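Given next, in structure tokens, is a single chain: the form predicted alone.
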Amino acid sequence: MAKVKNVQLGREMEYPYEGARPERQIAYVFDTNKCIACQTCSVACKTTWTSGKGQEQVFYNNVETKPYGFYPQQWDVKLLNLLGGGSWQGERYEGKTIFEAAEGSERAQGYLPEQAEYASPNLGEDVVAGSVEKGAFFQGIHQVWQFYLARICNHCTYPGCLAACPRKAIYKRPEDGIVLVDQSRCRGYRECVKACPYKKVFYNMVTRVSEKCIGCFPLIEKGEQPQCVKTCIGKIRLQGFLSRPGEERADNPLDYLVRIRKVALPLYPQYGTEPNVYYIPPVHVPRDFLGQMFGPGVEEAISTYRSAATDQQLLAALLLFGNTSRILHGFRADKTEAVGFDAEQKEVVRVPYTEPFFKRDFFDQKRKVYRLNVT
């Protein structure tokens, strides 16, 4: 295997192919503190891409309730058990990735879910950890908690699905880093399904080939954000492009949130795929649980996130979530508004730091009526 630099692990790791980062990497930031599990993103993706035969249980996008929600069942717990223990020494991971733990002819450690494990996409929804005693009340870190985790394909820098495919039917676009399946080459061996640690490659039993999220690349190529991002009611999502490591720009909202302020963290970075969906951790969840899920830096990310009210630049970046259908390549914090720019540096959105509030008098002098129950 080749040696590649994994910036999330803080070290080099083994990978079946030489490292070749794209010109720019498609990436997302999800704010878990704002997700309400309305599943609008899931429905938007489902109706756009997976409404055909054989796709009944295919969800490129799903929202699950942690700690007990999984799709497919126990997708993360099973792989964590397979990999065994690992630890973080500061920002360096001392443990085996899915590629380094592979045995024999395997290129990536993984498991193939049973068909029944895809039967319950809403397993564990709204189920909390613990129980509330009579007379108890919440303060600080909740002892009874849950949070919603929105999941899509991570369009990884080092995809497990790509590494494992014996047909080389999976490839990563050099212009934007989107990972795609060439279905004309696929023979349905399902090695990609087995190797993807996030279980975001699916096997269609009717067409007998693998399928996965395509990053809504027809929209991306027009400068628009994907369906799941545009339709999000909670405005928890922002899609853009990450610069190559060491080339970050402070005016790029993705670079700023992920690499510069480090307020958004990858999901299970210890797997070694360098995923490109980043999460702002939930502020109310026990830190040990979050540390296992998002790696080191959880406490710092939450502290930075909480400071947004007094940090105008950070507040500006966070306010851009869900306020334009266009992909934002740049942003600026004006005196009273956050301003977003497209690839041509054309202004496409302005968001006020404080929403205007208009109060009408209870009694309307002009119409001589009270406004109670008057539309």
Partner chain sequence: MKRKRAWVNGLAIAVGAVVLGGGCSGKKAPEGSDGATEIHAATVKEVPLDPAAKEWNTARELVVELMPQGVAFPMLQKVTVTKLAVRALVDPNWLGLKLTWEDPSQSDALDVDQFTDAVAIELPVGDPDKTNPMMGSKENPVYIAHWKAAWQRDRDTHRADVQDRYPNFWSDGYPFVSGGHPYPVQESFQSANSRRYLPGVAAANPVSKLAREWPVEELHATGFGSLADHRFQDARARGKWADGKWQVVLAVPRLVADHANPRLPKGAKSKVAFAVWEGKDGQVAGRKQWYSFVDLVLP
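Remember, it's a predicted structure, so these values are computed and weren't measured experimentally. Positions refer to the first chain, counted from 1.
Keep in mind the form predicted in complex with its partner chain is missing from the figure; the text below concerns it.
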With the partner removed from view, which of 107-115, 219-227, 76-84, 256-264 is the stretch that lies within 4.5 Å of its partner chain in the predicted complex, judged by heavy atom distances? 107-115
Does the 4.5 Å heavy atom contact test between residue 51 and its partner chain in the predicted complex come out positive? yes
Indicate whether its partner chain has at least one heavy atom within 4.5 Å of a heavy atom of residue 56 in the predicted complex. yes
If you check in the predicted complex, is residue 277 within 4.5 Å of its partner chain, heavy atoms only? no
Quick check on residue 187: any heavy atom within 4.5 Å of its partner chain in the predicted complex? yes
Work out which of 292, 143, 207, 243 lies within 4.5 Å of its partner chain in the predicted complex, going by heavy atoms. 207
Contacting member of 249, 173, 194, 235, with respect to its partner chain in the predicted complex [4.5 Å, heavy atom]: 194
All of 166, 183 and 211 within 4.5 Å of its partner chain in the predicted complex, heavy atom check: yes
Neighbours of its partner chain in the predicted complex among 73-103 [non-hydrogen atom within 4.5 angstroms]: 103
